[in-house]
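Here's a solo chain for you in structure tokens, the form predicted on its own.
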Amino acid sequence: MYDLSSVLDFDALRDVRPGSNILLSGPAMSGKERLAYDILADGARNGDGAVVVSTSDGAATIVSDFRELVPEVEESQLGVVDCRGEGGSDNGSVDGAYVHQVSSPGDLTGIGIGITKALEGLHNSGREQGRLALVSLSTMLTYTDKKTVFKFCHVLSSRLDSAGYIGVFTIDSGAHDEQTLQVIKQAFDGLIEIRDAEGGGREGRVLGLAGEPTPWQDI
């Protein structure tokens, strides 16, 4: 089981089943991307593998930023799938991390292949468990439709389940209509919602991972 409560203090996050997919939903600038990276970093400090799927930042930036969060991260502990489609380094490695370049955030087949290779690379280096962060589904939804993204998330869930990993996927809740959000949510085992608090700061709650939805609380 995975304990994510050291990053977000919810009892519902203390025993997350391997293979679980969690959607991290909140408005723009609510810190959800940083939370996704913090969840990966927390596991990496304990020796877990980490896979980052990015539609915005390049592989070199991701590796550099991740090493600031986890200076002790070992070579071959981190995999990056760079989906910007802006070229850059070839598939291979950046500062010891597995890197896979994908032609576009809309190339879901290529992204799936990159994730599979990253998981295989980490498994071959002895990482029996780990965490994946995909940032973000909102960019993918600008390239393709919600049904295609739903199928992609569903297939990816099976791959993470086979690998014993957990996945955290971010989505900008203010960028999509309610129907789109409802379709995407159905592909996930659990949901972490973030909102701006009335008095300032942020609030969050957890749905779907352990019984009833948790109350909103400061995060």
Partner chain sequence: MSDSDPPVVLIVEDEPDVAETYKLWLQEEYEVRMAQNGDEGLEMLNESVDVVLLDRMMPGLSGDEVLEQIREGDLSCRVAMVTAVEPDFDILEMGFDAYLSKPIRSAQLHETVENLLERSEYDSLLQEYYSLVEKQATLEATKSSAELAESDDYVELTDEIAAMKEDLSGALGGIEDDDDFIATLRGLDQGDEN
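None of these values were measured; they are calculated from a predicted model. Positions refer to the first chain, counted from 1.
One more form of this protein exists, namely the form predicted together with its partner chain; it is left out here, but the text below deals with it.
Colleague: Would all three of 56, 123 and 142 be in contact with its partner chain in the predicted complex, where contact means some heavy atom lies within 4.5 Å?
Modeller: No: none of 56, 123 and 142 comes within 4.5 Å of its partner chain in the predicted complex.
Colleague: Does any part of residue 46 reach within 4.5 Å of its partner chain in the predicted complex? Heavy atoms only, please.
Modeller: Residue 46 lies outside the contact set for its partner chain.
Colleague: Taking its partner chain as it sits in the predicted complex, is residue 156 in contact with it (heavy atom to heavy atom, 4.5 Å or less)?
Modeller: Although its partner chain is absent here, residue 156 would touch it in the predicted complex, with heavy atoms inside 4.5 Å.
Colleague: Residue 112 near its partner chain in the predicted complex, any heavy atom under 4.5 Å?
Modeller: Yes - in the predicted complex, heavy atoms of residue 112 and its partner chain come within 4.5 Å of each other.
Colleague: Taking any heavy atom pair closer than or equal to 4.5 Å as contact, tell me whether residue 73 reaches its partner chain in the predicted complex.
Modeller: Outside the cut-off, so no.
Colleague: Select, from the options 22-30, 48-56, 61-69, 157-165, the stretch whose residues sit within 4.5 angstroms of its partner chain in the predicted complex by heavy atom distance.
Modeller: Going by heavy atoms within 4.5 Å, the stretch is 157-165.
Colleague: Could you list which residues of 27-51 come within 4.5 Å of its partner chain in the predicted complex, counting heavy atoms only?
Modeller: Residues within 4.5 Å: none in this stretch.
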